[in-house]
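Given as C-alpha cells, the chain that follows is alone and in the form predicted on its own.
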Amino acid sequence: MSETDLTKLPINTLLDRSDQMSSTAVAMHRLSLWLASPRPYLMMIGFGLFLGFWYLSVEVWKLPRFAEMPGLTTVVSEWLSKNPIYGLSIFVDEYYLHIWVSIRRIAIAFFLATAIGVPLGLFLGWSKRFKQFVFPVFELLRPIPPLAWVPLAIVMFHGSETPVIFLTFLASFYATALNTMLGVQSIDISYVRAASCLGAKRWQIFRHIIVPGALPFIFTGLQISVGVAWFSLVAGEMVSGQYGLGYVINTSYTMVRYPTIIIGMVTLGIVGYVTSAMVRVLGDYMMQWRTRELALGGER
C-alpha cells in the first residue's frame, strides 16, 4: 500500500495497524533475544541429560531402584507403535479421547475458577470490611487438600463428571483468588490518593487503577492456577472417572502396564505446559505495556 493510500484510511484503522505492527515487532525482538541467549541450548542439554540418565540407569546400568521401570526405548517404541502392545499410542483414537476429556475438564474448571476467583480476590484486596467477613473462611478452607473433598464431592454431585470438575476447580480457585488479592495489595497507595485528589470516584479508581495494577499478579496466579488444576484433575480422575489422563495412569498401574503410565505422564506434562504457555501468551497480550518494557530491557 502506497503512502497516498495510507492517508485515505481512517485514523482508527491506522492506529490499529500501528498497534499490530508494534506488537509483532516486540514479539520478534523477544524471539531474537531468546534465540541469541543460551536458554534454548541449555534447555536442549537439560532434556538430553535427563533422557540419557533414564536410558543409562534403566537399560545399561540397571540400577536397583530403576530395574523394574520401563526403559526409554520401550516407552518410545510403544508410544510410536501402530500396533501397541498395551493398546495406547499416538496412532490409537482412544489416546486422543483421553487427552480431549482431560482438556475439557480443565477448561471448565479453569474458567469457573477465573470467573469466581478473580472478582473475589479483587474485592478481598480492595475492601477491608469484605475481607474481614470472607478471608477467615477462605483461609480455613484453603489448606484442605482436594482429595479430602472426594467423599463430599461424590455425595453433592451426581454422575462421574461433575465431581472431577469440582475437585479440579478447588485448587485452581484458591490460587487465583489469593494471587489476585496480593496483586491489589501490592499497588502503591499514592496512585489511589492521587486519583481521589483529582476527583475520581471509587468505582473509577477500582476500574482504572486497581484492576490494571493487579493484572501482573492475576496472570501469575492464573499460570499457577492452571498448573495446580492439572494436579487436582489427575487425582480426581484416579478416584472418579472413566476417561482422562489420570484414569489412564491409574488403570495402567492396576493392570501392570508400566510403559502406558510413562506415556500418560509425559502426555500430561506436554499438555500442561501448552496450557500454561497459552495463559502466559494471553497475559502478555493483555499487558503489552509490560511486554514492551521487558522486551526492551526496561528502557522507556
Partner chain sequence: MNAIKGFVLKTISFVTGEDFWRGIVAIIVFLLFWETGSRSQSWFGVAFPWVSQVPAPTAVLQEMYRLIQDPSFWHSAYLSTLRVTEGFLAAMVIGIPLGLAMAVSKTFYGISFPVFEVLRPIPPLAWVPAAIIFWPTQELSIAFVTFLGAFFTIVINVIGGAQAIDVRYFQAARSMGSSTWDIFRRIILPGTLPSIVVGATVGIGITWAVVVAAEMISGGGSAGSVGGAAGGGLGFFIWNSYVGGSYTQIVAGMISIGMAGYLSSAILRKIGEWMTPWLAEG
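Numbering follows the first chain given and starts at 1. What we label the rigid core is the largest C-alpha set whose atoms superpose within 1.5 Å from one form to the other. Please read these numbers as outputs of a predicted model, since none were measured by experiment.
The same protein has a further form, the form predicted in complex with its partner chain, not shown here; the description that follows concerns it.
None of 224-232, 77-85, 97-105, 118-126 except one has non-hydrogen atoms within 4.5 angstroms of its partner chain in the predicted complex; the exception is 224-232. Contact check for Trp61: no non-hydrogen atom falls within 4.5 Å of its partner chain in the predicted complex. For the chain shown alone, Gly52 is not a contact residue for its partner chain in the predicted complex, no non-hydrogen atom being within 4.5 angstroms.
Although the partner is absent here, Phe111 lies well away from its partner chain in the predicted complex, with no heavy atom inside 4.5 Å.
The closest heavy atom approach of Ile261 to its partner chain in the predicted complex falls within 4.5 Å. Proximity to its partner chain in the predicted complex, defined as a heavy atom within 4.5 Å, singles out one entry of Leu182, Val92, Leu72, Val150, which is Val150. Taking a 4.5 Å heavy atom cutoff to its partner chain in the predicted complex, the contacting residues in 252-267 are Tyr253, Thr254, Tyr258, Ile261, Met265. Annotation for Phe231: C-alpha shift under 2 angstroms between this form and the one not shown, rigid core superposed.
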